[in-house]
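Just one chain follows, in the form predicted alone, and it is written as structure tokens.
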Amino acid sequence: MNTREEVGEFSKLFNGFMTLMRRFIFKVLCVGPIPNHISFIMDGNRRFAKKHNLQDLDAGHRAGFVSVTHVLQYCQEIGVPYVTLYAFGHDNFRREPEEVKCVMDLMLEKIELTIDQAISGNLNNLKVIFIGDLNMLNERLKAAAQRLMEVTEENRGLMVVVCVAYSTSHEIVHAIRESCVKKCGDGDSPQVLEVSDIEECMYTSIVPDPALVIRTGGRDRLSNFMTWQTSKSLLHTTVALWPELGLWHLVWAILKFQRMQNYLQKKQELD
């Protein structure tokens, strides 16, 4: 056996051991309550690139997409039914045009790759939905996002909501407009809008409110992300940049969620 074969054999053994270890950790973790919906504010891709002296404009974002793959795998194995990813905010379109184009091109590349995987039957346990002002996307990207939603529409398992061109302020305006049209129609009689009317027209009405919000990058703010839906959620921040987020960061966040259960339940009862 040559050196390359030895390395390959060791890699298989190591990966197998890590998989068993991960399953054991998740089994122990599942003794306590598991969040039914985790939202991720994926902050720190650009800082990661700067930290590691990566020169390509999309280097940090590419590293971030690797983290997305790992995090979704972990959430599936733990049994989390809903995950929301804050992929690109409405205000992010104010960045330099070169960076915006770079991120959009990378997103298109990853979406088309995911479509191929879904068509080949490798994503039967994953359903993907895009929300936000999708009209801000270029036609090719918008068509690809629509295609991915179509090919995963019947899938069961983890539902992944990808927020693109999203902000809560724009979502609320959209929801009020839609609820007015829906409730008032063409009638002249006055109508009263209820909170429930607005919530039914929110982009996020397809999923329950997040139980746990995880923000990477060490900043304690929501950045206009699901502020309506997270009044009863636990916000967990970590100094790890998004590409650095690993298994133990996720486990620690869920353990914190479990420790805070009594407080969170009392808050819900009072509200």
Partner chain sequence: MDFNDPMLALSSWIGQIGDFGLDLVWRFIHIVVTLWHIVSGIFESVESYAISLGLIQKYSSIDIEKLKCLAVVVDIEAARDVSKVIELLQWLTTIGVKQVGLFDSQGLLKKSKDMILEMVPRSVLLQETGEKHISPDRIALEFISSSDNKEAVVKAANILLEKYLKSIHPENGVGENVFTESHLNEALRVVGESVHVPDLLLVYGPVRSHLGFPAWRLRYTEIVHMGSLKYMRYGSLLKAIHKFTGVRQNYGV
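Residue numbers count along the first chain shown, from 1. Predicted, not measured: the structure shown is a model, and the values here were computed from it.
What follows is about the form predicted together with its partner chain, which we do not show.
Contact check at 4.5 Å (heavy atoms) against its partner chain in the predicted bound form: none of Gln55, Arg62 and Ala144 pass. Val173 is the sole member of Met149, Val173, Leu113, Leu134 with a non-hydrogen atom within 4.5 Å of its partner chain in the predicted bound form.
The shortest heavy atom separation between Gly32 and its partner chain in the predicted bound form is within 4.5 Å. In the predicted bound form, at least one heavy atom of Asn92 sits within 4.5 Å of a heavy atom of its partner chain. Although the partner is absent from this view, Arg140 stays clear of its partner chain in the predicted bound form, with no non-hydrogen atom inside 4.5 angstroms. When contacts are judged by a 4.5 Å heavy atom cut-off, Arg259 counts as touching its partner chain in the predicted bound form.
Only one of 153-161, 195-203, 67-75, 105-113 lies within 4.5 Å of its partner chain in the predicted bound form by heavy atoms, and it is 195-203. Along 233-258, residues Ser233, Leu234, Leu235, His236, Thr237, Trp252, Leu255, Gln258 each place a heavy atom within 4.5 Å of its partner chain in the predicted bound form.
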